[in-house]
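In structure tokens, the next block holds one chain alone, the form predicted alone.
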């Protein structure tokens, strides 16, 4: 059994990001949310586009108002009003001012903004009652935030609302993004039935297919559900070959970047995954990991495809996905940073127990309380067979190898289970 950190390092070392030349597609601005940028974005525009006012007030010459006071206000002629979207028509001369609103273009001749609260309007003049703190006060200069031609957004970032706002402001309407990573998902086992089938004694509903597909979609990849494969080596081999098949095959799905199977990776009489992978020429790197739940984990590589054989136990399948598969998908997707597992330190609110033989993951919830992270394990049994109390959780508390008891109030490492 490999320690979890060694397994993580081995897996991530084997993952190659999508190609910046071959794996790129253009999408409309409206469709780029949560996609990963595939090339740097520049703009032909300066930000701000022109000198403008940061406040409502008056555009003035600093020289005219630098010594004024409430007792001796500067009296200036108001020559023009400049609302947003208006191009000034006049130049501010000595003894003059222009009424200006936030975001409006600065008129020539003016170099400073006096805020409205420090003035008193009298017909066609304005009294400035308090001098600005410095020349150029409240003026946003052209190019101060970003200059045309300089990199605006960098490759490998996730496009969220702030980045999309920047793209829109820069008038970028066709966005180069990495294609979605294709993840084939199959469940193995004669005992499995789909949710719509009648359940007979000894049978189990296949929840892994649906849970893994949801997790894959949540982090921006494309799930390709392959259904249930019976405990038959020929059928399992055919399913894996179909997932690996080149796009030119008329009968195959589009080739997968990653294949996820659940079940068939332990040492039972009907566990065929490792044998079939070897027959197909895969290099098997991992057969088991020293974690609980999730010990039986297979990781193998084909020339262009990663293979993860997850445990069939639903809780174990989810834990191994969060711990090992999710980071691999994120790195493969072209994400520049943030694809490694996200651990934080938190105080546990309850005692935690483990047998100490493997690194144990206990599911629960993380929250901030009094400025510190606090981890509360899920109620009820923490058995790997208890899928029910996994619902509503957002983190996994970690109990280290050789540690059997963590007291409430102690600090532990916690794995966050949400993705990018």
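Numbering follows the first chain given and starts at 1. None of these values were measured; they are calculated from a predicted model.
What comes next is about the form predicted in complex with adenosine monophosphate, which is not displayed.
Subject >> Contact stretch among 174 to 182, 201 to 209, 124 to 132, 279 to 287 - heavy atom within 4.5 Å of adenosine monophosphate in the model of the complex >> reply: Looking at the other structure, the answer is 201 to 209.
Subject >> Interface residue in the model of the complex among 314, 107, 334, 293, criterion: non-hydrogen atom within 4.5 angstroms of adenosine monophosphate >> reply: By the 4.5 Å heavy-atom cutoff, the listed residue in contact is 314.
**OP:** Determine whether any heavy atom of residue 320 comes within 4.5 Å of a heavy atom of adenosine monophosphate in the model of the complex, and answer yes or no.
**Re:** Residue 320: no, not in contact with adenosine monophosphate in the model of the complex.
Original post:
Is residue 187 one of the residues lying within 4.5 Å of adenosine monophosphate in the model of the complex, judged by heavy atom distances?
Top reply: Yes, residue 187 lies within 4.5 Å of adenosine monophosphate in the model of the complex.
**OP:** Verify the contact flag for residue 327: yes if a non-hydrogen atom of it lies within 4.5 Å of a non-hydrogen atom of adenosine monophosphate in the model of the complex, no if not.
**Re:** It does not: once adenosine monophosphate is placed as it appears in the model of the complex, residue 327 has no heavy atom within 4.5 Å of it.
Original post:
So in the model of the complex, does any heavy atom of residue 191 sit within 4.5 Å of adenosine monophosphate?
Top reply: Close contact exists here: in the model of the complex, residue 191 approaches adenosine monophosphate to within 4.5 Å, heavy atoms only.
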